[in-house]
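Only one chain comes next, encoded as structure tokens, the form predicted alone.
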Amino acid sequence: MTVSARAERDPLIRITDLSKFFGSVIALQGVTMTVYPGEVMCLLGDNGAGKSTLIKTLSGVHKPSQGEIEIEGRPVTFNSPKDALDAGIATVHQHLAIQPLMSVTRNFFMGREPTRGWGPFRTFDLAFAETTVREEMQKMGIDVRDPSQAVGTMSGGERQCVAIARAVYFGAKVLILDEPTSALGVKQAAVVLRYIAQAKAKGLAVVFITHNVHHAYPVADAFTILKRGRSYGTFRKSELTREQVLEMMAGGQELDALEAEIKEFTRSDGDGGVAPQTSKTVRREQGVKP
């Protein structure tokens, strides 16, 4: 999407100079990010970069120490995750908030169970719930033959699908995915990336948190790169190659220093340095002639 095309639509989320302090610890400092509908914003950073703190602030777990969050142009203050959910921000956490021993249907409608009847005679509308689960999962490309099966019998990618379909069904405008591919194999990760593309096609704004550039780059429209609580800025996909994104995440100077150190170690080892000397010392101690 071009800059002029994005200008025709207001962003769903605008974060301005967001900071979060835990006492003297600076978890986030001056982070600015804009997320548009129908786009995937990849929030990248190594472990400890501040990704989880930013997401917890967006989802109502933490209150920002400084800065402002706007949803569809309106400044908001979230006092709880429920406030964020009511504003249309659905977060699929790494642990998924799914009970593996419960059925797909029960997990899908957990806390929002459809009922029939009235007053004290209201009961869970199982027929409606199972039909809905089949239809919504089918939209995501998964044929659930038995909605009563335990979620624990599904693959990791399919469990992610349940969480994503649930968020979409209940009216999410912004879908935040916290490391959805971190514990998955190659094939399952590809399935989740396809679901992300489908959510984008439905007009949702997707915030995809990961430290894996190879998962992020194929589906991303833009990148916000965090390092040690600070933002390197937001970049369109057309502005950066995959290698440039990786270098910004890891730090080019650190990678160069590591490469030089490895070359020096290899050269020393090959020239009869530490390793050969150690071997001769061991043979002498064992009484073996060199």
Partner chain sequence: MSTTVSDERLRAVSPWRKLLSRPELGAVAGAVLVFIFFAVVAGDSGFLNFRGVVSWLEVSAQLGILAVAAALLMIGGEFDLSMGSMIGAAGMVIAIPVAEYGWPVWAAILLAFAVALLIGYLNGTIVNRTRLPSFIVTLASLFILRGLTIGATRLITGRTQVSGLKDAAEADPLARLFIGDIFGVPVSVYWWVALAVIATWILLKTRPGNWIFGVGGDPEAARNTGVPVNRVRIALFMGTAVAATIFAALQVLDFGSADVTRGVQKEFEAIIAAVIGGCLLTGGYGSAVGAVFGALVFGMVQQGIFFTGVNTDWFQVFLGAMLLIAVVFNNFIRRRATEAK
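Everything quoted here is computed from the prediction, not taken from an experiment. What we label the rigid core is the largest C-alpha set whose atoms superpose within 1.5 Å from one form to the other. Residue numbers count along the first chain shown, from 1.
The same protein also has a form predicted in complex with its partner chain, omitted here; what follows describes it.
This chain is displayed alone, yet in the predicted bound form one of 82, 74, 187, 214 has a heavy atom within 4.5 Å of its partner chain; that residue is 82. In summary, among the residues 161, 144, 87, 193, the only one with a non-hydrogen atom within 4.5 Å of its partner chain in the predicted bound form is 144. Shown alone here, residue 111 lies within 4.5 Å of its partner chain in the predicted bound form, counting heavy atoms only.
Proximity of residue 154 to its partner chain in the predicted bound form: non-hydrogen atoms within 4.5 Å are present. Contact check for residue 246: no non-hydrogen atom falls within 4.5 Å of its partner chain in the predicted bound form. In the predicted bound form, its partner chain sits beyond 4.5 Å of every heavy atom of residue 179. With respect to its partner chain in the predicted bound form, the three residues 139, 167 and 240 uniformly fall beyond 4.5 angstroms at the level of their nearest heavy atom. Only one of 199-207, 171-179, 215-223, 145-153 places residue heavy atoms within 4.5 angstroms of its partner chain in the predicted bound form, namely 145-153.
Contacts between 116-152 and its partner chain, taken as any heavy atom within 4.5 Å in the predicted bound form, involve 120, 121, 122, 123, 124, 126, 130, 131, 134, 143, 144, 145, 146, 148, 150, 152. If you fit the rigid core between the shown form and the other one, you'll see the Cα of residue 106 move by 2 angstroms or more. After superposition on the rigid core, the Cα of residue 150 moves by 2 Å or more between the shown form and the other one. Once both forms are fitted on their rigid core, the CA atom of residue 133 lies 2 Å or more apart between the shown form and the other one. Whereas the shown form places them at one spacing, the Cα atoms of residue 237 and residue 157 lie at least 3 Å farther apart in the predicted bound form. The Cα-Cα distance between residue 205 and residue 140 is lengthened by 3 Å or more in the predicted bound form relative to the form shown here.
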